[in-house]
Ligand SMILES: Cc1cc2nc3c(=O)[nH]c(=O)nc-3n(C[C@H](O)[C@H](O)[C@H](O)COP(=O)(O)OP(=O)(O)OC[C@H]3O[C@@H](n4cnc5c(N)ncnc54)[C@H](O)[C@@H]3O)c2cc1C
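Have a look below at one chain only, the form predicted alone, in structure tokens format.
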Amino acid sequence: MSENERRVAIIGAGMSGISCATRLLKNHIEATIFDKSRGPGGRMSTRRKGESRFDHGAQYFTASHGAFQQQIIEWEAAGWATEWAGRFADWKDGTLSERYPKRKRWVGSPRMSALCRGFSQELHVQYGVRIHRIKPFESQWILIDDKEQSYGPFDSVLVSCPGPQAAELLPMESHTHQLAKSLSYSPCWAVMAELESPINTPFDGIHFQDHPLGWAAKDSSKPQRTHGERWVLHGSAEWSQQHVDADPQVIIQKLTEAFGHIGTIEPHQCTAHRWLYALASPSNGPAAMYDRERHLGLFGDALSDPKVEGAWRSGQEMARLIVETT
């Protein structure tokens, strides 16, 4: 079988899935990506509220490895990413201390989701498709969505959605299923607030310790954003877990009150979103796993490094494993 004849399906259009498909395409293997959402990005998506936009998931990204640094240079040249040269602080025991960044921080431009949208523009992606199960078809695989529509057949199926969802798709006899089951995540409640007047603080992002909040960002301070005063509040992992099933209005009230020592946010100006699989616990394993016997793959930031860079590197590694088998 030639590379051009090989049919690959990827479940998940987040950074890892797009990274994988992009590298496969460079090696003349065209993959089809399926995602339940209306657009790409996963936790790098942007929420629209009226005319405003909020980066309510991933807030920024950094780079530790040369290959990812080179990728960011390419994204900057394409206009999809920009450095966020804001001021940042740590909150601990009632005290704010300025944090002097050791690394540059980047964001998507003009919103976080624009990065994945630009990065995926040459890929074949089917949005609004929730894959419900995969089943064998001779030596290949058929994908079936929640409306019982089928797709395929495909020679390989690569899964990049969160571990619990991946485990429901991958067959128990594959070692990818066992790995997916072992992955663990912390939830995160996000509150998005649009204010009529600025909050009196010199900082654009604040990390909290031993606090209901884990992070607060002046979202409108990021480069190329529209005018206004917009903040995103993230509950800490522990606090979000304790309130994982709470009513969104209760979440808004509690997190805006917790933010009160920084600035006043009226609850009626806010909306809330629950990220059930927000932050993966590092597994310290390989960046991607491929079952060569069954042609099934598992990858994503949860496998090694729960960051944007980790998602990108996992996608690159998954693609490398596929190219090696052709």
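The model shown is predicted, which means the values in this text are computed figures rather than measured ones. Throughout, we count residues from 1 along the sequence that is shown.
A second form of this protein, the form predicted in complex with the named molecule, is not displayed here; the remarks below concern that form.
Q: In terms of non-hydrogen atoms within 4.5 angstroms, which of the given stretches 259-267, 46-54, 293-301, 22-30 touches the named molecule in the model of the complex?
A: Heavy-atom contact with the partner occurs in 293-301.
Q: So, residue 59 and the named molecule: in the model of the complex, are they within 4.5 Å at any heavy atom pair?
A: Although the named molecule is absent here, residue 59 would touch it in the model of the complex, with heavy atoms inside 4.5 Å.
Q: Taking 4.5 angstroms as the cut-off for heavy atoms, does residue 230 touch the named molecule in the model of the complex?
A: No, residue 230 sits far enough from the named molecule in the model of the complex that none of its heavy atoms falls within 4.5 Å.
Q: Answer with yes or no whether residue 278 is in contact with the named molecule in the model of the complex, where contact means some heavy atom within 4.5 Å.
A: Because a heavy atom of residue 278 falls inside 4.5 Å of the named molecule in the model of the complex, the answer is yes.
Q: Under a 4.5 Å heavy atom criterion, is residue 162 part of the interface with the named molecule in the model of the complex?
A: Close contact exists here: in the model of the complex, residue 162 approaches the named molecule to within 4.5 Å, heavy atoms only.
Q: Of 131, 213, 170, 251, which one comes within 4.5 Å of the named molecule in the model of the complex, counting heavy atoms only?
A: By the 4.5 Å heavy-atom cutoff, the listed residue in contact is 131.
Q: Between the named molecule and 13, 17 and 34, in the model of the complex, does every residue show a non-hydrogen atom at 4.5 Å or closer?
A: Result yes, every residue of the spot touches the named molecule.
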